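The form predicted on its own is given below as one chain in structure tokens.
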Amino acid sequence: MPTLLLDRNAVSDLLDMAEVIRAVEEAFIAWAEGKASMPPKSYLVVGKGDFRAMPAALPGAAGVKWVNVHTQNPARGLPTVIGILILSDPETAYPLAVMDATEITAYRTAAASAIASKFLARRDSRTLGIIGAGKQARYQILAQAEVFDIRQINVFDRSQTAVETLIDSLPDFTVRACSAEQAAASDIVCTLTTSRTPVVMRAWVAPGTHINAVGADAAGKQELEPAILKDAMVVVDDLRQASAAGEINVPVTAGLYSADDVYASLGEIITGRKPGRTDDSVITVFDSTGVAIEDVAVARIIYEKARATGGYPTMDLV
């Protein structure tokens, strides 16, 4: 059986946000039920950024993603995040596919936020705040719109050009530029920056707000004032990663927050082991670090669709 080779265009053509959300939610269920395996991601820090090796296994598929974060790349005409993924048959170890993972990363990150919002945001949420108008912002909006009837999107970024580009890319949505404080006043807020100092203050966050804290994905990164975490019900994708490299990592290191204060993992919420939102006045935070089960789950559906469609290049490794 030859190995499929799927470039960025092929992967993009095979991705569908609704399918990705379902696949990522099923992956979290499998992990919570002990049917998946995933060691912590491994970081390799280099001069201009870092690499992450992210392996995981789900029923029927195993894989590893090699991905980076190089914040100076846009000035060179390159994406900040570039990824490649190897998907293997867990029974034989034969590589089923080698595929671009840049779009997979963008889709699955947004999907995890949408799943968190489904369980943690108020059901009557209608406004979405976006802080950080980079590439991930568009995917977050598309994913949240799969789960909620979003009627107003409030966007802040230090770059007016980034905001205008985002608005132009979403002609079917009502999007307005605003301050960070105004964006944080939305029903659902997604923080998507690379900041190492808080960009959302506690005084800005109203009772009942849900926040998807996505940007902090390495040690030292931080987007929320620690007082928000102290007053919120905090849910993580992976407590190990969140403590070391997620939104809670800086407050934990500084002694301003404890990992013991985390309410639950997303898998515990999805499977009903712990209830999600039960009070419309509570602030909820999802600390999203990005986990490899998400990538493997999405790669598996891409592979299955590609095999069914046919016509993609291959290589023989045995």
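Residues carry their position along the shown sequence, with the first being 1. This is a predicted model, so every value here is computed, not measured.
One more form of this protein, predicted in complex with a further copy of the same chain, exists but is not displayed; see below.
- Note on contacts: among 56, 262, 269, 250, the single residue with a heavy atom within 4.5 Å of a further copy of the same chain in the predicted complex is 56.
- Contact with a further copy of the same chain in the predicted complex, judged by any heavy atom within 4.5 Å, is made by just one of 241, 73, 127, 165: 73.
- Picking from 114-122, 154-162, 90-98, 127-135 the stretch near a further copy of the same chain in the predicted complex, with a 4.5 Å limit on heavy atoms, gives 90-98.
- Within 4.5 Å of a further copy of the same chain in the predicted complex, a heavy atom is found for every one of 62, 313 and 316.
- Although the partner is absent here, residue 44 sits close enough that one of its heavy atoms falls within 4.5 Å of a further copy of the same chain in the predicted complex.
- By the criterion of a heavy atom within 4.5 Å, residue 275 is excluded from the residues contacting a further copy of the same chain in the predicted complex.
- Although the partner is absent here, residue 206 lies well away from a further copy of the same chain in the predicted complex, with no heavy atom inside 4.5 Å.
- Within 4.5 Å of some heavy atom of a further copy of the same chain in the predicted complex lies at least one heavy atom of residue 86.
- Shown here without a further copy of the same chain, the chain has 5, 6, 7, 8 in 1-25 lying with a heavy atom within 4.5 Å of that partner in the predicted complex.
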